[in-house]
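Heads up, the chain below is alone and in the form predicted alone; it's given as structure tokens.
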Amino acid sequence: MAGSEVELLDFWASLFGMRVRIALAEKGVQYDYKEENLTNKSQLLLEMNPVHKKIPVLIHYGKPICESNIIVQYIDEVWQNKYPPLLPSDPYLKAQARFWADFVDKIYDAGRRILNTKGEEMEKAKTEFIDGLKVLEGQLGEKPYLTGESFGYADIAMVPLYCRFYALEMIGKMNIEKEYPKLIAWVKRCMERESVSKSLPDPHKVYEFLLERQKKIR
């Protein structure tokens, strides 16, 4: 498929953009990548996502699709003839995958607050974040992936957070690798996939970016 038919408006450190990049790579979809300056958003971004004015935005034949989880579902439906499927065909299992992807967004929010707050507010966010990881650790159990034997939608929703683990450990004074061995083993399995390893930036680079962003905010 020609790259001009599919465009992605994104930012390299966006966890939500990483979801879309992984999904596109899983399906083998070629696309034009357009890096956005989030402090000076392009006119194209403002036109394609006038409601939220946020990345990522997938543009397919000139039509925009917004919100990362919605984009991943769209990719799975449009390129359903390309293996592997990202969502199961069984309605119940599909609902479960969507449930866990939604749950992951709550963990993302707690992680964001750890990085951007201090004192009691940070401690509250840490408690929510840790509780969320405990739930995911239990959900994994002895399964290789979050909802079963195959890498899919829920895993794509969660695995980008791995590139912020180092920053969360440094800023939030946590030891994720020590406390959640099943989750880390799952991350390593996911990282064996080229779609994941090539879509996630280096955690140390992400940490440096977040520190610089904190300085600017303060």
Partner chain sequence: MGKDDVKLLSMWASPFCMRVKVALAEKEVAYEEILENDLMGGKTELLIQSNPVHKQVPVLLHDDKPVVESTNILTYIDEVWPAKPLLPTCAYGKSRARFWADYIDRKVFPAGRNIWTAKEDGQVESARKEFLDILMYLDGTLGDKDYFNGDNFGFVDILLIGLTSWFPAFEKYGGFKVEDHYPKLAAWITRSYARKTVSESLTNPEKITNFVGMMRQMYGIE
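Positions refer to the first chain, counted from 1. This one's a predicted model, so the numbers in the text were calculated from it and none came from an experiment.
What follows is about the form predicted together with its partner chain, which we do not show.
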Looking at 51-59, 156-164, 185-193, 23-31, which stretch has residues with any non-hydrogen atom within 4.5 Å of its partner chain in the predicted complex? 51-59
At the 4.5 Å heavy atom threshold, is Glu169 in contact with its partner chain in the predicted complex? no
Decide whether Lys178 counts as a contact residue for its partner chain in the predicted complex under a heavy atom distance cut-off of 4.5 Å. no
Would you check, heavy atoms only and a 4.5 Å threshold, whether Tyr108 touches its partner chain in the predicted complex? no
Taking its partner chain as it sits in the predicted complex, is Asp102 near enough to touch it, meaning that at least one heavy atom pair lies within 4.5 angstroms? yes
If you check in the predicted complex, do Ile65, Ile70 and Val135 all have a non-hydrogen atom within 4.5 Å of its partner chain? yes
Can you list, in sequence order, the residues from 70-86 that come within 4.5 Å of its partner chain in the predicted complex, counting heavy atoms only? Ile70, Gln73, Tyr74, Glu77, Val78
